[in-house]
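First comes one chain, alone, set out as C-alpha cells in the form predicted alone.
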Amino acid sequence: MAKSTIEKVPLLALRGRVVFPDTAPSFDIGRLVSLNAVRYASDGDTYLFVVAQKDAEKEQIVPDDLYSVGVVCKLRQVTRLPGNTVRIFVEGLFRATAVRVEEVEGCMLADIERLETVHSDDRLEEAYFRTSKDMVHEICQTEARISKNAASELELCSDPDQLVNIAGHYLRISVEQKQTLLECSRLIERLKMLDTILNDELEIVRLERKINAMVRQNIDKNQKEYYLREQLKAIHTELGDDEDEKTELERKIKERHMPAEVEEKALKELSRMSKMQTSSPDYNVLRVYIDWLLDLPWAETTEDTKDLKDAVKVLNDDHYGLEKIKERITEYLAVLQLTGGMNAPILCFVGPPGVGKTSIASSIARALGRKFVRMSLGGVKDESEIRGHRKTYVGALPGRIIAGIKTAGTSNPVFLLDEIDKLSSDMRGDPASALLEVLDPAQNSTFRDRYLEVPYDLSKVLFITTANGLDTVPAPLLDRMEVIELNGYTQEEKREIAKRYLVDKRREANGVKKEQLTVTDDAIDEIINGYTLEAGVRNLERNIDAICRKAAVKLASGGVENITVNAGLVSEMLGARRYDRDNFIASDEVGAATGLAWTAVGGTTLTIEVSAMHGKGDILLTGKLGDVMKESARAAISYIRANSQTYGIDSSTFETTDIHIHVPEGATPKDGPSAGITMATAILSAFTGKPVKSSVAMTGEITLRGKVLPIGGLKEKALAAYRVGVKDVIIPADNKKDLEEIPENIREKLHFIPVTDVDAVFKSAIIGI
C-alpha cells in the first residue's frame, strides 16, 4: 500500500463512528454491504477503506451519503457472532480521500488518494504540541472514564500528528468534530482544533467535580444515618432486646451443620451483607442467597425401607408386570441393607408411551420410603435450567436440580428426570452436557450450581430418567445411565391392568360406586381389540373413563341403580369399533407381503406391495420411505435379478419391466433395514405370479448374498403379529436368543420360523416355491 493512489479498495461505512490512524478499534457490522466489504477484503489483501456515514440513521446508502475522507485500515481479525453479525478488529494506517466510489456485486469499491500531513512552522507546532500534552495529562489524571491503557498511550505519545489521532479516538466528542479533525491536512490547524477540544473537555471535568462534591454531601448524610442505626442496634443488644438480623442469621448458619466449606462461604457473605445498607440492591441479593443456603437440606435424609418384602409389596400393589424394574429395585435395597450405604444408581426407563415409566418412579419412591421430585425435560433448551444463574444477575435463582432438592427437604429423594430424549439445545447452551455432571456417580458428590458457588452432594439422590427412545440421547450421557427397557403389554397384561387398577381408578374419579358399575372381562377385551392400538394402556384408560362417564349419566338420571357393561354394550357406549383386527389379515395375494416394524409406540404390521409392469426397467419407491429402507429395496431387487434363473424368471424380463414398490399409509415416515426380506418376498411373488401366504409375517435384513441379518425390537414385533392374528412369524436365526423376552403365552400361540437365508423365507412364505 505504498502508492499514493490505490484503486478498488473495499469501502466500509460506519454509523456514528470515526476511525483514526494509529489506533486499533473493533466494531460489529451486520449490513449486507458491510459484510460484502469484509468478505472482499478477506479474499484480497485485507485492506479496508473505512469512512463515516453522514446520517447514522440511514440504512440503505449511496456514495453521496458518505464523507469523502476516511482511513485505510488493515483487517486483523474477523469473529462471527449470533444473528448474522460479524465483529472485526482493524488497525488504522493512514488517512485517504475517495476519488471515485462504485458499487460492484453488492460491495462498495473506492479509488483513493493518500492524504499527507502538511507541516509549516516547527516551533509553533511544538508549542501547541506541549500545550496539548499538558491538558491531556490533566484530563487523564481526573477523567475516570478514560482507561489506564488509553491514558498511558496518550502520555507516551511523542509525535504531534499521532497525538491528534489517538486523542480524537478516545475523547468523547461529536462525530462531526472527529470528522473535521480527521479531514484537516495542516498539522498546525489540527493542533489548534485539538487545543480547543481539550479546553472544553477540561471545563466539563471541572463542572463534574463540582457536581460530585454536592452528591458526596448527600452520601455522607446517608452514612451518618447508617451509623446511628448501627448504634441503635448496639443499644438494643445491651438492653437485652431481640437479637439483630446478623446475629440471628449467624446462629442459624451454625445450627444447620453445613459442610465446612459451605458454612465458611455463608458466614463470609453474611459479613459482607452486614456492612451494606438495607436499601442497597446487593443487600437483598445476599439476603436471598443466604436464605437458599439455610433452606437446603445439607444433612437431612429419610431412612430407606429395610424390609424387602414391604418394598416389593408396594411395587406390586401399584403396578402389574414390570418385573425388570422391580427386580432392580430389590437388588438395590438388598445391597443397601448389607453394606449400610452406597451411591445411588442412575436408572433410565426406556419404552413406548403409556407403559408406566413415570408412574413407576413415584411407586419406587413410596417403596423406598423417600420423597419424590419430578422434573420434565421436554423442550428444555437453556443450560441454566440445570446449573442455575450466577447470583450477580438480576432475578438469579439456582437450577431446577437444586430447587427440586429444596422442595423435597431431604438430600436423598427419588428424582425423576422425565422425557430426557426431548432435550434440545440452542445459543443458551446444551442442557444435556450440563446433565453429565449431575448423572455421573463419580462427579455428582461435588455438584456445583452456578448460583450456590459451593459443592452440593447429589450422590445420595436416586436419579431416574425416562425416554421413549435412545436415538436422541447423547452417547456420553447414555453411558452414565443403567438402561432398563419397558416393552409393550400383551392383551392379557392389559386386561389385568384394567381389572386391577384402571376400572377402579376411573370409577372413583367419576363418582361411581363399585356396586353401581361392573365392567366384564369380555368388555375389557372388546375395548382393547376394537378401540385401542397401542403398546401402553393410556388409550385404554381413556376409553374406560368414557364408559364410566356414560354410566354416570344413566345413574344420575335415576333410570337404573346399577349397570353391567359387557362386550355388546361397549359399542353402544363408545360408538363403532375404530380398529378391526380382521382387516390386517388378507387372503393370499400376489405381490403383497406382511412385514413387522418397530415404532416409538410399540410394534406394528407393515404391508409391502409390489407391482411389475411393462416399461424400461425403472424402479419406483413410494410411501415416504427413508434412505435405509430404499437401500433395502434395491438390495432385494438386485438379489432376485442375480438369482432369477433359480426361481424360473427370464433375466431379460427385468430390462422391460418397471418395478413399483409401495408401503401404504404414505403420510407416515418409514425407515430401517428390517423390511428387507419382506420386500424380497413381495418382489419375487410379483414376478413369479405365486401368492404370499396371508398367515405369515416376517422381519429381517437382507444382503446381496441372500443372507438374513438380525434385527431389533423382536418382542414388540411379535406382539404386533399376535394382535392381528398372524400364525407364522419368520425371524432371523440370530434372533432366536431374543425369544425368551416374549411372554410364554404369546410364544405358544405363534410359530416362529428362524432362517439364515432368503431361500428359506421364500419357501415358508410363498405358495408353490
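Note that this is a predicted model, so its numbers are computed, not measured. Position 1 is the first residue in the sequence shown; the rest follow in order.
Absent from the display: the form predicted in complex with adenosine-5'-diphosphate (ADP). The rest refers to it.
A heavy atom within 4.5 Å of adenosine-5'-diphosphate (ADP) in the model of the complex is found for one listed residue only; from E383, E263, D421, D318, this is D318. Between the options S638, S359, S445, N199, the residue in contact with adenosine-5'-diphosphate (ADP) in the model of the complex by a heavy atom within 4.5 angstroms is S359. A residue is said to contact a partner when one of its heavy atoms sits within 4.5 Å of a partner heavy atom; P353 meets this definition for adenosine-5'-diphosphate (ADP) in the model of the complex.
Proximity of F463 to adenosine-5'-diphosphate (ADP) in the model of the complex: non-hydrogen atoms within 4.5 Å are absent; the residue sits far from the partner. In the model of the complex, adenosine-5'-diphosphate (ADP) sits within 4.5 Å of a heavy atom of E541. With a 4.5 Å cutoff on heavy atoms, A151 does not count as touching adenosine-5'-diphosphate (ADP) in the model of the complex; it lies far away.
Residues of just one listed stretch (115 to 123, 319 to 327, 518 to 526, 159 to 167) have heavy atoms within 4.5 Å of adenosine-5'-diphosphate (ADP) in the model of the complex: 319 to 327. Contacts between 502 to 537 and adenosine-5'-diphosphate (ADP), taken as any heavy atom within 4.5 Å in the model of the complex, involve L502, K505, V537.
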